[in-house]
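Quick heads-up: it's one chain on its own, the form predicted alone, in C-alpha coordinates.
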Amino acid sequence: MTKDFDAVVLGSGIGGLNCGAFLAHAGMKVLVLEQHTKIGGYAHNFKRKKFTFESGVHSVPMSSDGTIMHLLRILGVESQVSTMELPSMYRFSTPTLSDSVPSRQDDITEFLLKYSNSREEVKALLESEKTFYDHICAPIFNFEKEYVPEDVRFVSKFHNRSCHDHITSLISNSHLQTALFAQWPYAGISPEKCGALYSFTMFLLHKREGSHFCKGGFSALANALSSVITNKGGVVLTKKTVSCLSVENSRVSHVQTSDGTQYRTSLVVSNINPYDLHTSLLPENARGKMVRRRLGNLNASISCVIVYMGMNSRFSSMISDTVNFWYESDNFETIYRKIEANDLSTINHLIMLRGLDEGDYPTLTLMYFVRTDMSNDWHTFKKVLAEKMVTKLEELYPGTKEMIELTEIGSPDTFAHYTKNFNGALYGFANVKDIYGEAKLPITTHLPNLFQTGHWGKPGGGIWNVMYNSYTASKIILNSFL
(Lines give C-alpha, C1' and ligand atoms only; values in the text may rest on other atoms or scores of the structure.)
Protein backbone atom coordinates (compact mmCIF):
# COMPACT_ATOMS: atom_id res chain seq x y z
CA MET A 1 0.00 0.00 0.00
CA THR A 2 1.41 3.40 -0.97
CA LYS A 3 0.26 6.76 0.37
CA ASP A 4 1.34 10.22 -0.75
CA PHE A 5 2.58 13.10 1.42
CA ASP A 6 4.44 16.34 0.74
CA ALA A 7 6.81 15.67 3.65
CA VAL A 8 7.52 12.69 5.87
CA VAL A 9 9.11 13.33 9.26
CA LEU A 10 11.04 10.47 10.86
CA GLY A 11 10.66 10.63 14.64
CA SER A 12 8.35 12.69 16.83
CA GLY A 13 10.85 14.40 19.10
CA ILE A 14 10.21 18.12 19.59
CA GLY A 15 12.51 18.91 16.66
CA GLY A 16 10.57 16.70 14.25
CA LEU A 17 7.19 17.90 15.48
CA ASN A 18 8.18 21.57 15.35
CA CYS A 19 9.61 21.33 11.83
CA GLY A 20 6.57 19.33 10.71
CA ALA A 21 4.24 21.87 12.28
CA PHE A 22 5.82 24.78 10.38
CA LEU A 23 5.74 22.83 7.12
CA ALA A 24 2.07 22.04 7.70
CA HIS A 25 1.41 25.66 8.64
CA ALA A 26 2.84 26.64 5.23
CA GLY A 27 0.44 24.30 3.43
CA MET A 28 2.29 20.99 3.17
CA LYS A 29 0.62 17.66 3.86
CA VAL A 30 2.87 16.20 6.56
CA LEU A 31 3.25 12.67 7.93
CA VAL A 32 5.13 11.98 11.19
CA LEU A 33 6.26 8.41 11.88
CA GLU A 34 7.13 7.47 15.48
CA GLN A 35 8.33 4.01 16.55
CA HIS A 36 7.34 4.51 20.23
CA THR A 37 3.78 4.41 21.58
CA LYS A 38 4.01 8.10 22.55
CA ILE A 39 5.14 11.21 20.76
CA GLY A 40 7.61 13.76 22.11
CA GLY A 41 10.90 11.88 22.49
CA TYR A 42 12.51 13.05 25.73
CA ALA A 43 9.64 15.55 26.14
CA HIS A 44 6.97 13.17 27.36
CA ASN A 45 5.67 11.91 30.65
CA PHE A 46 4.57 8.49 31.83
CA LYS A 47 2.50 7.14 34.70
CA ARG A 48 3.25 4.44 37.25
CA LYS A 49 0.27 3.77 39.50
CA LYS A 50 -0.75 7.17 40.94
CA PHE A 51 2.50 8.96 40.03
CA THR A 52 3.25 10.86 36.82
CA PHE A 53 6.90 11.36 35.82
CA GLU A 54 8.62 13.57 33.29
CA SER A 55 11.01 11.40 31.27
CA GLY A 56 13.80 13.96 31.64
CA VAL A 57 12.94 17.58 30.82
CA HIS A 58 12.13 19.71 33.87
CA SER A 59 13.17 23.28 33.05
CA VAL A 60 12.88 25.28 29.82
CA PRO A 61 13.04 29.07 29.14
CA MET A 62 9.42 29.76 28.14
CA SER A 63 8.44 33.31 29.09
CA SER A 64 5.41 34.79 27.32
CA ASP A 65 7.67 37.08 25.26
CA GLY A 66 10.40 34.49 24.71
CA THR A 67 11.40 32.44 21.69
CA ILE A 68 9.39 29.27 22.24
CA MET A 69 6.11 31.06 22.94
CA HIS A 70 6.83 33.26 19.92
CA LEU A 71 6.99 30.15 17.72
CA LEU A 72 3.84 28.70 19.25
CA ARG A 73 2.09 32.03 18.65
CA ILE A 74 3.00 31.92 14.96
CA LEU A 75 1.51 28.41 14.79
CA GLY A 76 -1.60 29.52 16.66
CA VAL A 77 -1.28 27.06 19.54
CA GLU A 78 0.19 29.20 22.32
CA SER A 79 -3.05 28.82 24.32
CA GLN A 80 -2.52 25.06 24.47
CA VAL A 81 0.66 25.42 26.53
CA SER A 82 0.53 26.90 30.02
CA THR A 83 3.72 27.40 32.02
CA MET A 84 4.72 27.59 35.66
CA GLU A 85 7.69 29.78 36.63
CA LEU A 86 10.27 27.87 38.65
CA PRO A 87 11.53 29.27 41.98
CA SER A 88 15.12 29.20 40.73
CA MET A 89 17.20 28.49 37.64
CA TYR A 90 19.02 25.80 39.63
CA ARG A 91 20.36 25.11 43.09
CA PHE A 92 23.93 23.87 43.49
CA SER A 93 25.97 22.55 46.36
CA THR A 94 29.73 21.91 46.58
CA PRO A 95 31.98 21.39 49.63
CA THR A 96 32.64 25.15 49.81
CA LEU A 97 29.53 26.79 48.36
CA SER A 98 25.77 26.26 48.22
CA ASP A 99 23.17 28.62 46.76
CA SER A 100 20.19 29.01 44.42
CA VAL A 101 20.60 30.91 41.18
CA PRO A 102 17.44 33.02 40.68
CA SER A 103 15.20 32.53 37.65
CA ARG A 104 14.30 36.20 37.10
CA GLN A 105 16.53 38.60 35.21
CA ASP A 106 16.71 41.42 37.79
CA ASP A 107 17.33 38.95 40.61
CA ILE A 108 20.16 37.30 38.65
CA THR A 109 21.94 40.64 38.30
CA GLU A 110 21.74 41.10 42.07
CA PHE A 111 23.00 37.53 42.51
CA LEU A 112 26.05 38.28 40.37
CA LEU A 113 26.80 41.45 42.33
CA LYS A 114 26.48 39.56 45.62
CA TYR A 115 29.52 37.46 44.76
CA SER A 116 31.63 39.69 42.56
CA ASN A 117 34.07 42.21 43.98
CA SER A 118 33.85 44.22 40.79
CA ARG A 119 30.85 45.90 39.25
CA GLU A 120 32.93 46.32 36.11
CA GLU A 121 33.29 42.55 35.79
CA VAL A 122 29.56 42.02 36.19
CA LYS A 123 28.96 44.74 33.62
CA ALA A 124 31.33 42.97 31.21
CA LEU A 125 29.53 39.66 31.77
CA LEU A 126 26.14 41.25 31.08
CA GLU A 127 27.47 43.00 27.99
CA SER A 128 28.81 39.70 26.69
CA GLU A 129 25.45 38.10 27.39
CA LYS A 130 23.69 40.84 25.40
CA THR A 131 26.11 40.42 22.50
CA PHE A 132 25.46 36.68 22.42
CA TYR A 133 21.71 37.23 22.54
CA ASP A 134 21.72 39.85 19.79
CA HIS A 135 23.72 37.65 17.40
CA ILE A 136 22.35 34.20 18.19
CA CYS A 137 18.86 34.50 19.65
CA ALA A 138 17.25 37.79 18.64
CA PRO A 139 17.29 37.20 14.83
CA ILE A 140 14.78 34.36 15.15
CA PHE A 141 12.01 36.88 15.91
CA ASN A 142 12.34 38.24 12.35
CA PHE A 143 12.48 34.93 10.49
CA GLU A 144 8.86 35.19 9.35
CA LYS A 145 9.80 38.33 7.44
CA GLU A 146 13.20 37.14 6.28
CA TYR A 147 15.22 34.08 7.23
CA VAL A 148 18.85 35.00 7.84
CA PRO A 149 21.53 32.30 8.37
CA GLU A 150 23.65 32.46 11.51
CA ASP A 151 26.29 35.15 11.80
CA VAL A 152 29.33 33.08 10.86
CA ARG A 153 31.78 35.87 11.65
CA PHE A 154 30.50 36.12 15.22
CA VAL A 155 30.27 32.38 15.75
CA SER A 156 33.77 31.77 14.43
CA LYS A 157 35.22 33.92 17.22
CA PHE A 158 34.26 31.22 19.71
CA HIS A 159 35.48 28.12 17.91
CA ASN A 160 37.69 26.09 20.25
CA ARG A 161 36.80 28.40 23.15
CA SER A 162 35.42 26.70 26.24
CA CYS A 163 32.77 27.90 28.63
CA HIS A 164 35.47 27.91 31.34
CA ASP A 165 37.77 30.16 29.32
CA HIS A 166 34.98 32.57 28.42
CA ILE A 167 33.69 32.99 31.97
CA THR A 168 37.13 33.29 33.57
CA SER A 169 38.08 35.96 31.03
CA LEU A 170 35.21 38.05 32.39
CA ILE A 171 34.91 37.07 36.06
CA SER A 172 37.77 36.65 38.55
CA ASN A 173 35.78 35.82 41.70
CA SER A 174 36.19 32.08 42.27
CA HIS A 175 32.84 31.67 44.05
CA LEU A 176 30.95 33.35 41.23
CA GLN A 177 32.83 31.21 38.72
CA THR A 178 31.73 28.11 40.66
CA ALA A 179 28.13 29.31 40.74
CA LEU A 180 28.10 29.82 36.97
CA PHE A 181 30.00 26.62 36.16
CA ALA A 182 27.67 24.59 38.39
CA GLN A 183 25.10 24.53 35.62
CA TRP A 184 27.27 22.16 33.56
CA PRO A 185 24.76 19.25 33.72
CA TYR A 186 22.51 21.33 31.44
CA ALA A 187 25.22 20.78 28.80
CA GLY A 188 26.18 17.27 29.89
CA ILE A 189 29.89 18.07 29.80
CA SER A 190 32.39 19.89 32.02
CA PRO A 191 32.99 23.66 31.63
CA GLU A 192 36.57 23.03 30.45
CA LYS A 193 35.35 20.84 27.58
CA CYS A 194 32.03 22.53 26.77
CA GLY A 195 31.82 25.13 24.04
CA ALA A 196 31.21 28.69 25.20
CA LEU A 197 28.62 29.19 22.47
CA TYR A 198 26.45 26.38 23.80
CA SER A 199 26.79 26.84 27.55
CA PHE A 200 26.76 30.63 27.73
CA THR A 201 23.77 30.83 25.38
CA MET A 202 21.82 28.43 27.60
CA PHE A 203 22.57 30.56 30.65
CA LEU A 204 21.56 33.83 29.01
CA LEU A 205 18.32 32.30 27.70
CA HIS A 206 17.29 31.24 31.18
CA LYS A 207 18.36 34.65 32.46
CA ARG A 208 16.33 36.53 29.85
CA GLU A 209 13.38 34.20 29.32
CA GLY A 210 13.16 32.57 32.74
CA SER A 211 12.96 28.93 33.83
CA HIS A 212 9.61 27.22 33.38
CA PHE A 213 7.71 23.97 33.64
CA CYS A 214 4.73 23.05 31.45
CA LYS A 215 1.44 22.46 33.22
CA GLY A 216 0.51 18.86 32.54
CA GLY A 217 4.15 18.14 31.67
CA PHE A 218 6.18 18.78 28.54
CA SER A 219 4.03 16.34 26.59
CA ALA A 220 1.67 19.34 26.36
CA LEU A 221 4.24 21.00 24.11
CA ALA A 222 4.50 17.90 21.92
CA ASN A 223 0.71 17.63 21.71
CA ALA A 224 0.34 21.29 20.73
CA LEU A 225 2.82 20.91 17.86
CA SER A 226 1.20 17.65 16.77
CA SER A 227 -2.21 19.34 16.65
CA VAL A 228 -0.91 21.84 14.07
CA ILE A 229 0.01 18.97 11.76
CA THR A 230 -3.26 17.06 12.15
CA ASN A 231 -5.45 20.17 11.95
CA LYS A 232 -3.82 20.99 8.60
CA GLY A 233 -4.68 17.57 7.19
CA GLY A 234 -1.48 15.78 8.15
CA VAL A 235 -1.06 12.57 10.13
CA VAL A 236 0.97 11.65 13.21
CA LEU A 237 1.38 7.88 13.64
CA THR A 238 2.90 5.98 16.57
CA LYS A 239 4.15 2.38 16.62
CA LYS A 240 5.50 2.91 13.10
CA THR A 241 9.11 1.81 12.69
CA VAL A 242 10.85 3.01 9.53
CA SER A 243 12.66 0.11 7.84
CA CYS A 244 14.20 1.80 4.79
CA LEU A 245 14.23 4.80 2.48
CA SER A 246 14.00 4.36 -1.29
CA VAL A 247 16.24 6.62 -3.37
CA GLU A 248 15.65 7.31 -7.06
CA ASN A 249 17.72 9.72 -9.15
CA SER A 250 19.58 10.89 -6.03
CA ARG A 251 16.36 11.80 -4.23
CA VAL A 252 14.38 10.03 -1.53
CA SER A 253 11.16 8.85 -3.17
CA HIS A 254 9.53 6.55 -0.60
CA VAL A 255 9.65 5.79 3.11
CA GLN A 256 8.83 2.22 4.06
CA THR A 257 7.81 1.00 7.51
CA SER A 258 8.27 -2.46 9.00
CA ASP A 259 4.62 -3.36 8.36
CA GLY A 260 5.21 -3.03 4.62
CA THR A 261 3.50 0.32 4.09
CA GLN A 262 5.18 2.69 1.64
CA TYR A 263 4.77 6.46 1.78
CA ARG A 264 5.60 8.43 -1.37
CA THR A 265 6.97 11.87 -0.52
CA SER A 266 8.59 14.97 -1.97
CA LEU A 267 10.95 15.34 0.98
CA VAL A 268 12.03 13.67 4.21
CA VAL A 269 12.95 15.30 7.50
CA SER A 270 14.97 13.07 9.82
CA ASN A 271 14.61 13.65 13.54
CA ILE A 272 16.16 10.29 14.41
CA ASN A 273 19.55 8.90 15.32
CA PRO A 274 21.82 9.85 12.35
CA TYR A 275 23.85 6.67 12.72
CA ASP A 276 20.73 4.65 11.85
CA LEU A 277 19.76 7.03 9.05
CA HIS A 278 23.12 7.02 7.29
CA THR A 279 24.23 3.43 7.92
CA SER A 280 21.08 1.32 7.67
CA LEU A 281 17.99 3.20 6.42
CA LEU A 282 19.57 4.65 3.29
CA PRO A 283 20.58 2.21 0.54
CA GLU A 284 24.32 1.65 0.54
CA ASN A 285 24.78 3.29 -2.86
CA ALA A 286 22.98 6.43 -1.61
CA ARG A 287 25.03 7.01 1.53
CA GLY A 288 27.20 10.10 1.65
CA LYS A 289 30.91 9.66 2.30
CA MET A 290 31.26 13.12 3.85
CA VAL A 291 28.40 12.46 6.27
CA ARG A 292 29.85 9.16 7.39
CA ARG A 293 33.24 10.80 7.83
CA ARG A 294 31.68 13.48 10.01
CA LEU A 295 29.85 10.85 12.06
CA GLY A 296 33.20 9.21 12.62
CA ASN A 297 34.64 12.47 13.96
CA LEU A 298 31.77 13.25 16.33
CA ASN A 299 30.99 11.54 19.62
CA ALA A 300 27.60 10.95 21.17
CA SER A 301 26.99 12.75 24.45
CA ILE A 302 26.93 11.22 27.89
CA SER A 303 24.03 9.10 29.13
CA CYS A 304 22.83 8.41 32.67
CA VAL A 305 21.21 6.11 35.17
CA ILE A 306 17.92 7.66 36.24
CA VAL A 307 15.76 6.84 39.26
CA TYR A 308 12.12 7.91 39.15
CA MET A 309 10.65 7.96 42.65
CA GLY A 310 7.06 8.42 43.75
CA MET A 311 7.09 10.07 47.17
CA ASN A 312 4.55 10.36 49.97
CA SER A 313 2.89 13.69 50.71
CA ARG A 314 5.43 14.60 53.43
CA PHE A 315 8.11 15.00 50.78
CA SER A 316 6.52 18.19 49.37
CA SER A 317 8.34 20.42 51.86
CA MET A 318 11.67 18.54 51.76
CA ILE A 319 13.26 20.07 48.63
CA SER A 320 12.06 23.48 47.46
CA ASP A 321 14.03 23.97 44.21
CA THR A 322 13.03 22.10 41.05
CA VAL A 323 16.56 21.59 39.67
CA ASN A 324 19.26 20.65 42.18
CA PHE A 325 22.93 19.82 41.54
CA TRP A 326 25.11 18.27 44.26
CA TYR A 327 28.87 17.82 43.74
CA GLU A 328 31.46 15.93 45.77
CA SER A 329 34.13 18.41 44.68
CA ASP A 330 34.47 22.03 43.59
CA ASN A 331 36.55 20.78 40.66
CA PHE A 332 33.95 19.93 38.02
CA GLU A 333 36.59 18.79 35.54
CA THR A 334 37.76 16.13 38.00
CA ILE A 335 34.18 14.93 38.39
CA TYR A 336 33.72 14.69 34.64
CA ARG A 337 37.03 12.89 34.13
CA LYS A 338 35.88 10.21 36.58
CA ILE A 339 32.69 9.82 34.54
CA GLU A 340 34.78 9.44 31.39
CA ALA A 341 36.98 6.87 33.15
CA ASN A 342 33.97 4.86 34.42
CA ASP A 343 35.25 5.51 37.95
CA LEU A 344 32.49 4.66 40.44
CA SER A 345 34.67 4.61 43.55
CA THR A 346 32.38 7.27 45.00
CA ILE A 347 29.14 8.99 44.02
CA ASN A 348 30.66 12.31 42.96
CA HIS A 349 27.59 14.14 41.67
CA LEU A 350 23.81 13.88 41.84
CA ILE A 351 21.12 15.64 39.85
CA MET A 352 17.83 15.93 41.73
CA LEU A 353 14.74 17.01 39.80
CA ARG A 354 11.59 17.70 41.74
CA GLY A 355 8.31 17.22 39.91
CA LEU A 356 5.74 20.00 39.67
CA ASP A 357 1.98 20.21 39.09
CA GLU A 358 1.41 16.82 40.74
CA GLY A 359 -1.05 17.58 43.53
CA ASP A 360 -0.93 14.98 46.30
CA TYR A 361 1.50 12.70 44.46
CA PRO A 362 4.95 14.35 44.49
CA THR A 363 7.87 12.84 42.59
CA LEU A 364 11.63 13.12 42.67
CA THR A 365 13.95 12.10 39.83
CA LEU A 366 17.64 11.34 40.39
CA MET A 367 20.18 11.34 37.57
CA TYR A 368 23.80 10.20 37.53
CA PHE A 369 25.90 10.61 34.38
CA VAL A 370 27.54 7.47 32.99
CA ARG A 371 29.14 6.21 29.83
CA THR A 372 27.20 3.47 28.11
CA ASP A 373 30.20 1.15 28.23
CA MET A 374 30.41 1.31 32.03
CA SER A 375 28.43 -1.94 32.06
CA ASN A 376 27.51 -4.71 29.64
CA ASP A 377 24.59 -5.73 31.88
CA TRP A 378 22.59 -2.60 32.62
CA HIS A 379 19.55 -4.62 33.73
CA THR A 380 21.52 -5.68 36.81
CA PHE A 381 24.00 -2.84 37.24
CA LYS A 382 21.43 -0.04 37.13
CA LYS A 383 19.94 -1.40 40.36
CA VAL A 384 23.34 -1.35 42.07
CA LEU A 385 24.00 2.24 41.01
CA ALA A 386 20.45 3.32 41.86
CA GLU A 387 20.92 2.09 45.43
CA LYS A 388 24.12 4.14 45.73
CA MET A 389 22.27 7.19 44.41
CA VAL A 390 19.41 6.80 46.88
CA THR A 391 21.91 6.30 49.72
CA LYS A 392 23.62 9.56 48.78
CA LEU A 393 20.23 11.29 48.64
CA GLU A 394 19.54 10.11 52.18
CA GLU A 395 22.87 11.54 53.33
CA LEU A 396 22.01 14.90 51.79
CA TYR A 397 18.37 14.94 52.90
CA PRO A 398 17.91 12.65 55.92
CA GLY A 399 14.50 11.03 56.01
CA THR A 400 13.83 11.04 52.27
CA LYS A 401 14.44 7.31 51.86
CA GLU A 402 11.47 6.40 54.05
CA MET A 403 9.24 8.70 51.97
CA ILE A 404 9.74 6.65 48.79
CA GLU A 405 6.61 4.74 47.78
CA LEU A 406 7.55 3.70 44.23
CA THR A 407 10.77 3.35 42.26
CA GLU A 408 11.42 2.98 38.52
CA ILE A 409 14.99 2.79 37.21
CA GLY A 410 16.27 3.65 33.75
CA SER A 411 19.69 3.19 32.15
CA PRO A 412 21.41 4.00 28.84
CA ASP A 413 19.77 0.86 27.46
CA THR A 414 16.37 2.26 28.48
CA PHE A 415 16.94 5.51 26.60
CA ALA A 416 18.28 3.65 23.58
CA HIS A 417 15.24 1.36 23.57
CA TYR A 418 12.56 4.03 23.85
CA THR A 419 14.14 6.86 21.85
CA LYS A 420 16.62 4.98 19.61
CA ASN A 421 19.26 7.57 20.52
CA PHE A 422 22.70 6.10 19.86
CA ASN A 423 24.18 4.75 23.13
CA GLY A 424 21.27 6.34 25.00
CA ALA A 425 22.76 9.81 24.39
CA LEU A 426 20.94 12.55 26.31
CA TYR A 427 22.10 15.58 24.29
CA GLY A 428 22.73 14.25 20.79
CA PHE A 429 26.40 14.83 20.08
CA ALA A 430 28.66 15.92 22.93
CA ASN A 431 28.69 19.71 23.27
CA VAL A 432 32.47 19.97 22.97
CA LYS A 433 34.34 23.20 22.31
CA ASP A 434 36.29 22.18 19.22
CA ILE A 435 35.19 23.52 15.86
CA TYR A 436 34.20 20.12 14.49
CA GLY A 437 32.01 19.34 17.46
CA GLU A 438 30.33 22.73 17.40
CA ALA A 439 29.46 22.26 13.74
CA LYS A 440 27.62 18.98 14.43
CA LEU A 441 25.34 17.82 11.62
CA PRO A 442 24.01 20.31 9.06
CA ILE A 443 20.30 20.55 8.25
CA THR A 444 20.92 19.83 4.56
CA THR A 445 22.43 16.55 3.38
CA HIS A 446 24.05 15.12 0.26
CA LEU A 447 20.53 14.32 -1.03
CA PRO A 448 18.62 17.47 -2.06
CA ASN A 449 15.32 16.41 -0.47
CA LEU A 450 16.64 14.82 2.74
CA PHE A 451 16.99 17.08 5.77
CA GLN A 452 18.08 16.60 9.39
CA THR A 453 16.79 18.27 12.53
CA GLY A 454 16.86 17.86 16.30
CA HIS A 455 19.53 17.65 18.96
CA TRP A 456 22.09 15.96 16.69
CA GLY A 457 22.32 19.25 14.79
CA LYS A 458 23.40 22.71 15.81
CA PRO A 459 23.07 24.19 18.49
CA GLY A 460 22.60 20.81 20.27
CA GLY A 461 20.46 19.28 23.01
CA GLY A 462 17.64 20.95 24.94
CA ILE A 463 14.10 22.05 24.05
CA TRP A 464 15.05 25.61 23.07
CA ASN A 465 17.92 24.38 20.91
CA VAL A 466 15.91 21.79 19.00
CA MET A 467 13.07 24.25 18.41
CA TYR A 468 15.56 26.79 17.08
CA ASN A 469 17.15 24.14 14.88
CA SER A 470 13.87 22.76 13.55
CA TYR A 471 12.35 26.20 12.89
CA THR A 472 15.50 27.04 10.93
CA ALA A 473 15.15 23.71 9.08
CA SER A 474 11.58 24.56 8.09
CA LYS A 475 12.74 27.89 6.63
CA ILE A 476 15.49 26.22 4.61
CA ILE A 477 13.04 23.61 3.32
CA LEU A 478 10.31 26.10 2.45
CA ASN A 479 12.77 28.37 0.65
CA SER A 480 13.77 25.33 -1.46
CA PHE A 481 10.35 23.78 -2.15
CA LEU A 482 7.84 26.64 -2.20
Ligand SMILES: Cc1cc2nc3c(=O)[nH]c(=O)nc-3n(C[C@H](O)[C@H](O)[C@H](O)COP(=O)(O)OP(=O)(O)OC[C@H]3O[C@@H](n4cnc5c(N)ncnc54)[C@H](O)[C@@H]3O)c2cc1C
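Source: prediction; values computed, not measured. Residue indices: 1-based, along the sequence shown.
Not pictured, yet referred to below: the form predicted together with the ligand.
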Report summary line: For the ligand in the predicted complex, the stretch among 96-104, 386-394, 125-133, 266-274 with residues bearing a heavy atom within 4.5 Å is 266-274
Requested in this report: Flag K433 as yes or no: does it have a non-hydrogen atom within 4.5 angstroms of any non-hydrogen atom of the ligand in the predicted complex?
Outcome: no
Report task. Examine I306 and determine whether its closest non-hydrogen atom to the ligand in the predicted complex is within 4.5 angstroms. Result -> yes
Report task. Please check if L33 has a heavy atom lying within 4.5 Å of any heavy atom of the ligand in the predicted complex. Result -> yes
Requested in this report: Indicate whether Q452 is a 4.5 Å heavy atom neighbour of the ligand in the predicted complex.
Outcome: no
Query raised in the report: Listed by sequence position, which residues of 384-423 have a non-hydrogen atom within 4.5 angstroms of the ligand in the predicted complex?
Result: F415, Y418, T419, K420, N421
